[in-house]
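Below sits a lone chain in structure tokens, taken as the form predicted on its own.
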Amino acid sequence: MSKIFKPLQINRLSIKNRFVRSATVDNLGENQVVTDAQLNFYRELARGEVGLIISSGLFPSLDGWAAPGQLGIHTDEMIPSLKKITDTVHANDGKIVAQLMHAGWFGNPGLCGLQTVGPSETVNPANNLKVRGLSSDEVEEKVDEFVKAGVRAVEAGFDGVQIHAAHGWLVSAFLSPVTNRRNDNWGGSASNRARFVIKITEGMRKAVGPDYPILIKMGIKEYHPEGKSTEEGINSAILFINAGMDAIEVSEGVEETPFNHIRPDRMDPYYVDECKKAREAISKPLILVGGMRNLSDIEKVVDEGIADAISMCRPFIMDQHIVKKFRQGSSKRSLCTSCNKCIPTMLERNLHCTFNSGLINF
């Protein structure tokens, strides 16, 4: 029998199978308050037997706010609203981790009223936004903001936290030679570029205790001609584990083509090579995202030890009960065609699958 339906331990957290809901900005909140649409979505994911749900990205500071319907975890006032999510998931036998995501150069000055920031002064080629480089003191402040967000996640009832360090968002930008051109303690060498995550992890570990799960979503490799190599990504991941990280979701970092991580029409796992190399060096749990559509592919990834779990995003937008259908044998593949037509619905604050007729609606 495949390992895919067997439990997995991540620090103190036990999940019932190897399926993880990978985060996206759902844009369904209203004035930084959880809505019924969000609660319905999380409820159905839990009822659909997803082993671990990773929340939509929560910004740890106001300048990290990317979309109008995004929720924050930047003040204590957010805790009661976020607790509605964790209570809903737990009431339906689910587990949920809070993703901490600072927008960085994808920030929205018109929304938050603050300038877009990053490790170095630059211009985001995806939107032509000017990015102000953070001072060394401001970087320290950002570390503290992430640590405090982790403490709020505990208070809101989340079963763990995940630091979003992929796809060019702020933490990812610190890790990349493309976007981090600093020559102080926060840049220059590969180890200095990793320092931002290391300090966040060490600070959070001290604040939340030794057994609270801390995960990271990171680009092991960057699909950019000037980006970091797979080897550098793996070396950084080892530093994060030594600092207290419990699990790594393998994705990609800064991208030459914006949103290359949500590849249209890819129906097969596409980060397998870098995950295999990471597996040779890392014993902590690895979660592989990208192109997970067919149950046979998913089982192969886990049964062959390439990763300990797999994560999906777009298939769960289409059908929150796909894991249950896999387990029951009523389905062998997700009907998601990776067409990315759900992305405009997210921007319109009405996230749904455009082909989702007769399936789960939220």
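The first residue of the sequence shown is number 1, and the count goes up from there. As the structure is a computational prediction, the values presented were derived from the model and not from experiment.
The form predicted together with a small molecule is left out here; the points below concern that form.
- With a 4.5 Å cutoff on heavy atoms, G57 counts as touching the small molecule in the predicted complex.
- Contact check for V25: a non-hydrogen atom falls within 4.5 Å of the small molecule in the predicted complex.
- Proximity of G290 to the small molecule in the predicted complex: non-hydrogen atoms within 4.5 Å are present.
- By the criterion of a heavy atom within 4.5 Å, K325 is excluded from the residues contacting the small molecule in the predicted complex.
- The putative spot formed by A37, A67 and G69 is not touched by the small molecule in the predicted complex; no residue has a non-hydrogen atom within 4.5 angstroms of it.
- Scanning S236, T179, Q99, T201 against the small molecule in the predicted complex with a 4.5 Å heavy atom cut-off leaves one residue, Q99.
- This chain lacks the partner; the member of K221, H167, R152, R193 within 4.5 angstroms of the small molecule in the predicted complex by a non-hydrogen atom is H167.
- Picking from 294-302, 59-67, 308-316, 44-52 the stretch near the small molecule in the predicted complex, with a 4.5 Å limit on heavy atoms, gives 308-316.
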